[in-house]
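There is one chain below, alone, in C-alpha cells, taken in the form predicted alone.
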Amino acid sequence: MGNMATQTQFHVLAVDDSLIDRKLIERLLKTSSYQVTAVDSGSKALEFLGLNGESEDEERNSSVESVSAADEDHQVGVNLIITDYCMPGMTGYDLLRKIKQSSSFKDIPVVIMSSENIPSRINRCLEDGAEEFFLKPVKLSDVNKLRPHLMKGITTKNEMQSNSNKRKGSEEIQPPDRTRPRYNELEVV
C-alpha cells in the first residue's frame, strides 16, 4: 500500500509568463502533494509535451535548454495542465486548443487562470474544453478543486483498462449455459 501513494502522485504542468505567479502556483501545487513542472510560455509547454512541430526554430532552440532538465520527469506523464490566459506569443487559450486538438493529450484536463474577469473569455475557454477557469491570485481552495478533475482522468483510464480486462475474462470464462458446445476432438474432412 505504500507504493500506492507514490503511484498516485499527480503531475501538473504549470504555464505562466509571470515569475511570481508561476512560483505561487508551483508552491500551492507542491503543498497539495502534486509533482510540478513549471514553464514560462505556451511554446515551452508544447516543447515539454512533444507537440512543438509548429513552433519556430528560434523558440525551439531557446526552450530546449530550459526544458531538458524536465525531460526525465516527462517520462512520468502529465495529468493536468494549468495555464495563464494572457501570455506573449501563444495565449493560454491557444495552448488549450492545441492540446485539445492533439490525439495524445486531448483527454488531459486543462485549467485556465487569469487576473481579468471577462465572462465572454471565461465562457469561450470552458466551451472549448477547459475544466476550470480560476481568477488570480490562485488560492489553495482553487487548487483543491483540481483533484476531482485528476481523478476523473485516472478513473476513465482505469475503466477502459478494466472493461478491456472484463471483456477478455468474459470471453475466456463463461457460465456453461451461455457458451456453445465445444468440439475439440473433431476432424475436418
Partner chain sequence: MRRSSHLTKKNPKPLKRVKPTNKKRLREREKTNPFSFLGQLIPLAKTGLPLWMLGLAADRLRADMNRLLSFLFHQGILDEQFLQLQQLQDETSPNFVSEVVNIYFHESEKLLRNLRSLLMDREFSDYNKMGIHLNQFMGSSSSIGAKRIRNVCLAFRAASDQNNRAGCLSALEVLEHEYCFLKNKLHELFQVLFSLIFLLLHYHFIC
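Numbering follows the first chain given and starts at 1. Only a predicted model underlies this, so the values are computations on that prediction, with no experimental measurement involved.
FYI, the form predicted together with the partner chain isn't displayed, but the following is about it.
- Taking non-hydrogen atoms only, residue 145 never approaches the partner chain to within 4.5 angstroms in the model of the complex.
- For the chain shown alone, residue 137 is a contact residue for the partner chain in the model of the complex, at least one non-hydrogen atom being within 4.5 angstroms.
- Using a 4.5 Å cutoff between non-hydrogen atoms, residue 27 counts as a contact of the partner chain in the model of the complex.
- Contact annotation for residue 31: at least one heavy atom lies within 4.5 Å of the partner chain in the model of the complex.
- Residues from 14-28 that approach the partner chain in the model of the complex with a non-hydrogen atom closer than or equal to 4.5 Å are 19, 20, 21, 23, 24, 27, 28, in the order they occur in the chain.
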